[in-house]
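The data below hold one chain only, encoded as structure tokens and taken in the form predicted alone.
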Amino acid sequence: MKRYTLIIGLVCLSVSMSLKAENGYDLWLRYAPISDANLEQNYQKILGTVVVPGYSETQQIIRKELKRAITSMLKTPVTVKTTHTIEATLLIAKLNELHDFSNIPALASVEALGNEGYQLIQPSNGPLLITANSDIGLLYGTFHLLRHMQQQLSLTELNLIQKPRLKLRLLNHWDNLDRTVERGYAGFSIWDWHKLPDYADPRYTDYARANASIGINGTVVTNVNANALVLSTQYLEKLTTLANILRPYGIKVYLTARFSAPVEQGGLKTADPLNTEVQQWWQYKVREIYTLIPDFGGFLVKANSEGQPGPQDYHRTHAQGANLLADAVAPYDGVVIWRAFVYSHEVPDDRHKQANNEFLPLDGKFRDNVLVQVKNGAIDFQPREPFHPLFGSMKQTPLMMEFQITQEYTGCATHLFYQAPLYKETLDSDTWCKGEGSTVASVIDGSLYKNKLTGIAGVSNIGNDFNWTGHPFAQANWYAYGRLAWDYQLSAEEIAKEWLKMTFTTEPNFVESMVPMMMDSREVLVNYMTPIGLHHIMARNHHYGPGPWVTGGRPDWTSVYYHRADKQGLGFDRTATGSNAVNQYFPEVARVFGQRELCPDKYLLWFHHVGWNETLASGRTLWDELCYRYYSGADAVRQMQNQWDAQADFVDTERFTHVAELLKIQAKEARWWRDACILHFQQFSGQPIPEGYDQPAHSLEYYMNIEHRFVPGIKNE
């Protein structure tokens, strides 16, 4: 028996030592060698003679990517030809170039593919074919083929048509011109403005490749807390270099526009959107931008929110402010994306209600090229929020979803937190705006109210760390966001499988173990941070770690504003007896959220103030359930550690160790969250921690006195 164990151990050791050291830079585009000999032989036959006609920049990129991928995966040199031959085994060409294939019955129509869609098909007795109406469609189809190969799936008898469900699929970078990144946890900004336009970091091209591989077609390169300097000629010339690199990958550049730019950059005395000089300044500035960057996407604007200037400074509405910029970019087919994240401490109403109150009366008053960008929930990117009531309420204005990929409230990239379940939970939520089945996804894709402009945005988690995202598993959130932006009907589990196979290994034992861990990670984090509908109880300012005791200053920037703990119970009453925020939802939704016996426990304390001894769906009292959730969440992180430790034979040492060390941090901080929150709320419940649970390691005073300085992603004093 001992000899058998020794042999197995030596085999595992040899496998582990044979794995190539990796630092994560290649993301999900590693193009690892095919491990199945029969499949490799099949791939070589199908990809023996590759033809990509045409010499556009994008077509040259396709040829380069194919050579790189096939050479790596099949370990054989490949020549990609530019002229069609009858011997072609893989042909990548636009529909209008397929003269010899016009008789294929299954060939898609121009309308079916649209501008960015593609078809991947293998006709009988013909080559594997990727076709589209545009070069970008061909690029997307090529990445689909390579994704298929990286998962070691069969290429025979393929016939699929893909096109995006949303037109604008953007990353929002909260990157500042000094290269700091607001709420960024992966180093400094990848945009090196100091060296632009003369030096273009090769990383920009790899950034473009990664985004094109998942269908992202736009990037807002600057922070929503905007700096007007980026609109200067000096910086527009720098931006031009980036635009030229990203364009062949189908990616447009966008800028955040500071509303006061006419004053700060133009020398005007006002930025009033109804002032003629202000209108002329924006028209001139937009003309300058489009002269340099003909396919410039447009502007993203944060106005009259958290101290940012805006039209309300001049007693104008958000619509009047947005329309000022929309009129300027309209001749160039540009768009304006106006953020609905507005709230004021001077308004005595529930922060949950303020965006709805401000924007709903403006429905129908925005120009046709304006989208209103709405966060997934009404507060601020919490680990769990009910969907924002604006979704479905605005019928004449296209709404654009805003998700946060960067982990501001979810562990600052020291915690493993797979966000696709969060995205899906929001997208699949039923607004009931036009009856049952009126999901948030069907609102943003334009199908419910026939909006022509559609889009989605993800606040980037990308920095200049060697692996782009800080935590190796944070790459999965970038990937999942892109895949869902392309097709929100994909499941979170399916996306996790894809990402694991391409990023680590196709070994079934590894994938089958890691998918459940990723899928559970969201609920685990919610349990040890904000269970049962608690929200915004993080530490002040940097949001790193627990702070349920935070008070003082702006009420809506404190924790006690949200959890409302007292001797009677816990939770924010948003029913008719409280702030009545539930009334902003359609009646069928309001009825569920508003009735204590119908409201799901996951949103319970979001909408209800619940007594400490009230019984929940689990049969436990609120206090006992709160303890159960906090302790089970912290315990689950230790289980995640064990699950990861069992994968040592399947992952290279460098990345395995990196994840293992971060899981140690997560386990430590989950206990920190558990103990601090339980001790704080115990002051109000007056009840003991149930038997069987460990006692907190320190006193409440100890946790309240913990200070963290220089947390990444915030301005440090």
Ligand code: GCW
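This structure is a prediction, so every number in the text was calculated from the model and none was measured. The first residue of the shown sequence is 1; numbering continues from there.
There is another form of this protein, the form predicted together with the ligand, and it is not shown here; the text below is about that form.
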Assert contact_stretch over 408 to 416, 89 to 97, 152 to 160, 69 to 77 against the ligand in the predicted complex, heavy atom within 4.5 Å, equals 408 to 416
Whether Tyr207, His471 and Arg655 jointly form a contact site for the ligand in the predicted complex is the question; each needs a heavy atom within 4.5 Å.
no
Does Thr506 make contact with the ligand in the predicted complex, using a 4.5 Å heavy atom cut-off?
no
Do Trp623 and the ligand come within 4.5 Å of each other in the predicted complex, heavy atoms counted?
no
Can any non-hydrogen atom of Asp430 be found within 4.5 angstroms of the ligand in the predicted complex?
no
Contact test in the predicted complex: Val329 vs the ligand, heavy atoms, 4.5 Å
no
Interface residue in the predicted complex among His543, Arg629, Lys285, Lys501, criterion: non-hydrogen atom within 4.5 angstroms of the ligand:
His543
Taking the ligand in the predicted complex as the reference, which of Gln122, Ser579, Asn225, Ser134 has a non-hydrogen atom within 4.5 Å?
Asn225
Heavy atom within 4.5 Å of the ligand in the predicted complex - qualifying residues of 320 to 339
Arg339
